[in-house]
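To begin, one chain is listed below as structure tokens, in the form predicted alone.
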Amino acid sequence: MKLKWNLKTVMDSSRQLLKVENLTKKYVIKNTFFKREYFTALEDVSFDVKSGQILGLVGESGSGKSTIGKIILNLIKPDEGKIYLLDKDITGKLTKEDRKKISIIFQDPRTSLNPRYKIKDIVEEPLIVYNYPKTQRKEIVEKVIKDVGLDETFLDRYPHELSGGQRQRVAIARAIVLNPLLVVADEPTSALDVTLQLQIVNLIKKLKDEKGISFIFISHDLNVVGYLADYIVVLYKGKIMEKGLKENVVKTPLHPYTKLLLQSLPPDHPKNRKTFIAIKEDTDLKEGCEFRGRCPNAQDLCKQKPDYKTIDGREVYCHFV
């Protein structure tokens, strides 16, 4: 079965594959006759993903990273904002053909793989959904399992017979079996030990380089994102604090939150130990800059929301840069 889009065309690294524009998502946390209170999961989030690019979404728990992924996949709907795939508005209305172009890798393969299915059935299932001929499915499954670093002997096993890293490779095989243009990887390494994390990260980089697949890599670990991503978006409480090319964000961070994330990383050697800056308790302030309650540089001006500033090709949400 032939793909209905020209992969060579969309692999052009200068072409915009996905555009996320002013996404806002709120959840009702208190609803009474007199008052309704909301939790803001995302506020005015915008970024682009180019073809063949890995975009890293980084931030601590509750920053809105996974919410963005779910909205892109149409698992939840935004309150405001638009999403464009190859200039087509897909906000809240992914067609079957659109879904073929976007896939996902879940965080924990123990829960995302059906324990009653053999590996060959798990990987083959998307091909069945999209009516690939049976004669083609076996060949495609055997090829894709090799693409993720496993061999054909794994196809007759069940998920419980595999290690954590092997299960995640199966999950990646299922995600790329339809040759998607974009894969949302929702913390795919967080359930693995450090050695396996590096293997999975290198596999994702290899798939990007060899197949031209774009990735949105969601993680709380700026060290991993800094190694893998081409472009980084730093989120805090649903707001973008800083975004720009990986080299700029990691080497010369501008926002205080990005600096704190980098300073929290362990040193590569004990002799390079550093003194950590004390992080304030978050007082959950209702006005001004979202990071004001924890920022070591907070001043009275921070009681007002800052505007985004463009500096050296990146955007920073802070009064004092």
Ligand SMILES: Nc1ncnc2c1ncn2[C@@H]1O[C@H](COP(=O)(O)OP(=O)(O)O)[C@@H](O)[C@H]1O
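Keep in mind that what you see is a predicted model, and the values were worked out from it rather than measured. So that there is no doubt, residue numbering starts at 1 and follows the sequence shown.
Although it is not shown, the form predicted together with the ligand is what the next lines describe.
> Picking from 43-51, 65-73, 249-257, 292-300, which part of the chain touches the ligand in the predicted complex when contact means heavy atoms within 4.5 Å?
Correct option: 65-73.
> For the spot marked by E287, Y308 and Y317, is every residue within 4.5 Å of the ligand in the predicted complex through some heavy atom?
So, no: the whole triplet misses the ligand.
> Determine whether any heavy atom of S61 comes within 4.5 Å of a heavy atom of the ligand in the predicted complex, and answer yes or no.
Answer yes; at least one heavy atom of S61 falls within 4.5 Å of the ligand in the predicted complex.
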